[in-house]
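This document starts with one chain, in the form predicted alone, laid out as structure tokens.
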């Protein structure tokens, strides 16, 4: 059994294995008669629904746990929460504010721990992103991805995944909102048109994430030149549009891009379920 806290933890072999498993519907019922704890410090529509259905499809029983029910780091330590949940569940999954809580949970128990989102990483989203790109392009060999906007946790996991698989990724954002570290095959530029030039996938996310309300106006001003419009999309190579959702139409993306024939955001959303199923199966020992 394996933890999944970041995409980098997987290595190339693990990442490719999960993507392959995500395209299969014959993974059996490795969770039959078993529970999966789903701890949510942050609410989510896609993560909750995709994870619950993935657990059900593998024969298990998902248990949704709200932040006040465990008081992670307040009512009980991250270690004690993990040890308690491990008494009842085969997998402990958590959507947390602080990535270090996941690391402490994983260190405290022998059951696998799954990151459903942290301030540092969103591996489940990156898995769905790459599966979607693979389906749209018929493979990842010729994929060229442009990410326009905030270099946040979603972008970081996407960058880790692209680096592992050798998929070129260009990130465009204003100064002060990029990564300080470098990853092979990932370039950061200031000009969104430069990033999108020749790309066949264009991706964006909200400019203001949960917990950044005090920065909202400053961020909107900084990112205003980075809105994904039809004109920007036209600089790509017959590019598809992706967004991890929820989208703030009229901010990071225009309504016509969201509703265009080249928007694959709903396929991407559905793939959250398929890649969650693949990730859980891999964590439990399945291999393609």
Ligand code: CP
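Quick caveat, the model's predicted, so the values are computed rather than measured. Residue numbers count along the first chain shown, from 1.
If you look for the form predicted in complex with the named molecule, you will not find it shown, but the lines that follow are about it.
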* Just one stretch in 60 to 68, 216 to 224, 243 to 251, 27 to 35 has heavy atoms within 4.5 Å of the named molecule in the predicted complex, so which one is it? -> 243 to 251
* Asked: Is there any non-hydrogen atom of residue 41 lying within 4.5 Å of the named molecule in the predicted complex?
  -> no
* Spell out, yes or no, whether the shortest heavy atom distance between residue 262 and the named molecule in the predicted complex is within 4.5 Å. => no
* Wondering, does residue 95 line up within 4.5 Å of the named molecule in the predicted complex on heavy atoms? -> yes
* Is residue 45 a contact residue for the named molecule in the predicted complex, using a 4.5 Å heavy atom cut-off? -> yes
* Stretch 115 to 130: residues contacting the named molecule in the predicted complex, 4.5 Å heavy atom cut-off -> 122, 125
